[in-house]
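First structure 1, then structure 2: two forms of the same chain, each alone, as structure tokens.
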Structure 1
Amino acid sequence: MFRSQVGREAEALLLPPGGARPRRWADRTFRGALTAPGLVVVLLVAWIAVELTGAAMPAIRRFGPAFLWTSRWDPVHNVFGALPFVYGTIASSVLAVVIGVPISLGVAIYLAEIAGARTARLLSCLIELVAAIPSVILGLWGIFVLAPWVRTVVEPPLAAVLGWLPLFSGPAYGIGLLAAGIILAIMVIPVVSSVSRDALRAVPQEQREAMYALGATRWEVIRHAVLPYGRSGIIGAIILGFGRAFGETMAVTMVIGNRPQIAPSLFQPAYTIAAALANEFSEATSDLYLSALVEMALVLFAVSLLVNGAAQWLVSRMTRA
């Protein structure tokens, strides 16, 4: 009874005469301080989009939607078409995903389901170190090590066995789409493997125990209980890796060949949007030339936002589940 009386007296002191609790200025200030950074990020993204759109308007008015499917890129005559750059960006990113995703999923399954705790911690640390390597370092390694290896070891056997396919036809240069895809795959592996590992570890232990109770082997447990449960997270990881490869600049610029052409062979040089922006932005001698480059940057910006937004949505969906 004494505690109840004391509690009622304390509550009466805290409550105003009307009975409603006062709004605490400290809570409001704290909430506003946390809301402000989020609004700053949103405003920053909107500001970038508005500035890019304004700078790209001359090219948008001049070429219209045909800018995306026109192949001619002629700064001398002020004729610009972004199709070779769009093709090179998509082709190199898809190739990186095709090469990197199987390796990433193998690493994720090993770390989440097979490796011991100490081994998993060590390998996870090494994978994160690979993600921390600057892209220009990977580009230099690609020029001096990867490109000669691709030219002498990888491309000749592929041409000899699969040369009848357009993908593997033509002379072996070393510098080209294949080298760019391998470089991007190396950069994609840490992202996809880390997110996929977290998605697999989020699978409830009861799923595994139920399969083991039915007499399933470890592979059957991984295949029928773990992978289906973590499917959304794995798909989100793959899309995140695609977004990582889609916007990469320096490493790709140094090994892709930088030739604005559309060739079906992986051995041929190509060009990406990011590489074109890095190489040609300082050389833009006319306003229309500069506007065309900014329009390509706007396309890259929009696609990157869509891809990363879809990936984050899938990963958050897996987390909620």
Structure 2
Amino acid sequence: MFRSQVGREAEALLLPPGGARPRRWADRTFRGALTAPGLVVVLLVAWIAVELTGAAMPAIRRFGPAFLWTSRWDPVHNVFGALPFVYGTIASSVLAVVIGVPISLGVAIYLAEIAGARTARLLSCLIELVAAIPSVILGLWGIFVLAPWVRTVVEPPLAAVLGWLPLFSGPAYGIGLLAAGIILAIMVIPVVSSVSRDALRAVPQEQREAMYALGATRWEVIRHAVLPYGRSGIIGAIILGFGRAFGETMAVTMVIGNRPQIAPSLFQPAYTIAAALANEFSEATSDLYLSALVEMALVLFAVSLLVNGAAQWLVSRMTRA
């Protein structure tokens, strides 16, 4: 009696939830029933790749890799080069990172190193709510609030002081690359700040104390001990933010001006891949036109795989260490 009970308990311990080898057929079936949905995500990603590649094939065959660096986008004559869209996508995302990352790091440092636990929780909540604003609402706000503000408040002084740089030359439109960069920065900040906050929190207290014990001020502790230790997590966060920015569609479409051009000035309108898809996909008249659009979607997809893969790897390395 006693022996059997002990035996059963031992068996339960030897067969933990991750049980090496459920013996009953029901357990085995259940195992399969859980594994299949898990595999669905893997299947989906592969399927997306196959489906998009297939649909993009006509354009890939017709234009080859030059698709990415020629800039004639002419649906009437069925000639498609994606360079203006590639440029707009990269430029707006880089702008978002340039504007958003310093702010995100400031937020992350404040939350992880300075604010008390309760304040940090409240502020984290507010910043998560920024991430919860639907993109299309941010776009609406962008059209009617942000763009006029950029046109009247941001661009004139920038032009007055830095107008000699081509980057800040020309008339103030409001709608354009700068407005897109700002709105993307707003969307990127919650992601970058929360991931880097976690990276900073993962820094062992000993590192901070060792720096304090050398007579460092709090800023010096952050600068010389905390930030260097958490750097791979922070880099992961930035890459993740970049990934979030370049695939973003609605808000950008609504404020970037949607003009396929490569202008030197940030005040000028531009066009992104995602915006082109949103505007032109359901109106694509020829098969080749549609195929060219799908090829751009494929580019977005491929870059998102690379960027997110790299970021996940960096962040997980940080939290595992």
Partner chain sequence: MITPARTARRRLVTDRVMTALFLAAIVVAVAPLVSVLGYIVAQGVSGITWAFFTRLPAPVGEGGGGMANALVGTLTLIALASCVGVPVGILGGLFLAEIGGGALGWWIRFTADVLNGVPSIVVGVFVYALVVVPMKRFSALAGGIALGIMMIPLVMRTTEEMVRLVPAALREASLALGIPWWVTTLRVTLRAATAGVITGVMLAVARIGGETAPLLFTAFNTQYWQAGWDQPIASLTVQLYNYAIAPYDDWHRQAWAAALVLMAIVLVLNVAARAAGRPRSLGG
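For the two forms, the rigid core is made up of the largest set of C-alpha atoms that agree within 1.5 Å on superposition. All figures in this text were calculated on a predicted structure; none of them were measured in a lab. Quick note, the numbers are simply positions in structure 1, starting from 1.
Here the form predicted together with its partner chain appears as structure 2, and structure 1 shows the other form of the same chain. Core-superposed comparison between the two structures: the CA of R61 stays below a 2 Å shift. Residue displacement note: S286 has its CA displaced by under 2 Å between the two structures (rigid core superposed).
Core-aligned CA deviation for L34 between the two structures: 2 Å or greater.
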